[in-house]
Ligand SMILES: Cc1ncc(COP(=O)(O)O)c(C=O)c1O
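We begin with a single chain expressed as structure tokens, specifically the form predicted on its own.
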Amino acid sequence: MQQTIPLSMPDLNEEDIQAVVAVLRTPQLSLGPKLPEFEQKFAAFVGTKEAVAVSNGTCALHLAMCALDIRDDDEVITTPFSFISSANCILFERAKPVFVDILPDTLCLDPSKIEAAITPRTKAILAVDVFGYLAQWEQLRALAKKHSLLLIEDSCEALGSICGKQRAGTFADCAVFAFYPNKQMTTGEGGMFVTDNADLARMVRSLRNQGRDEEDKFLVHHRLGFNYRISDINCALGLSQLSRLPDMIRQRQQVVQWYKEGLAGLAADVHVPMEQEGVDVSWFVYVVHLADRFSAENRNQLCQYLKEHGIGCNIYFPCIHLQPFYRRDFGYKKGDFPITESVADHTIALPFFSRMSQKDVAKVCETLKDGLLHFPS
């Protein structure tokens, strides 16, 4: 049977397992001591005053919308090139995502296109740090200040990325992270809301726990809230993972270097991820771009070839605005955001995880090279 190299794999060790087991030996599986410990240590790592752990990154985004009072008919400018939750969280509160096209290099929101999208209903800008690249936060902050807009950072893919001495998650009014198993660190499922605003953090803590304030008795609810809690089991895993995060980021950077070397001979057909000037990128996924001569169908055929030969891969990302219900409900069509659409038609996410070996990378590169022979120049 052909050996498969998966698209992603969590980096778990015996210390992670023992951290989880230790919580299972206690009666405090939720709202116990591991929750505030995880929040405090995570805030210290990122460099914010507050951190609020929740059940996943989508919940963190939704709570950001609620805490910032984004509601019916408000508009939020955001990107069509992201995981779908960055736009869906706006819809959860009956507001409207207003898409703006992306930069062709970092794949993040293009600040030069934002002012044309601002209307009297615009309330916020939600930018995404795509694949670990940092959005153009200096320009975004200037735009938000000029137009009195809220600024939200979706750093779910960029935990550990640094510009100067400032880490991802510290550039906006608030930010969110996610800990799904393909991320730089994992809690199984989990997310984090971070901010320097104590009032915002207090609101998010209430909203995640059925609308209870921290000083409330058990069955007292001051506002409509949600059950977006995260268990102490997840937090214990998060604490263990967080202690190893710098090492895991370095291991991922080594895998990126192996790919760069292994794909050097395919430069005419495959463009490797760029280095972002002034940023130490914490890589979330390894996404290559096929040359313009390839069609979306060629890309799909190449993905199928890789999978048939034991190489995990996927399309990262399909356009949000061309998802079926966005087309149906908002009337979006091909051609609306040409850079996003071109990128989405030419990208392939290759296997990428911190414990990936140089031999694994070589196998992926060799299989990709063989697959490209089906598409002669």
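In case it trips you up, residue 1 is the first one in the sequence shown, and so on. Being a predicted model, the structure only gives us computed values, none of them experimental.
The following text describes the form predicted together with the named molecule, which does not appear among the structures shown.
Of the listed positions (R252, K183, H289, K123), a single one reaches within 4.5 angstroms of the named molecule by any non-hydrogen atom in the model of the complex, namely K183. Exactly one listed residue, out of V128, L302, L263, C174, brings a non-hydrogen atom to within 4.5 Å of the named molecule in the model of the complex: V128. Contact with the named molecule in the model of the complex, defined as any heavy atom within 4.5 Å, is confined among 54-62, 341-349, 304-312, 328-336 to 54-62.
Heavy atoms of S231 never reach within 4.5 Å of the named molecule in the model of the complex, leaving it off the interface.
The shortest heavy atom separation between F83 and the named molecule in the model of the complex is within 4.5 Å.
When the named molecule is considered in the model of the complex, G238 lies well away from it, no heavy atom lying within 4.5 Å. Though the partner is left out of this view, C156 does reach within 4.5 Å of the named molecule in the model of the complex, counting heavy atoms only.
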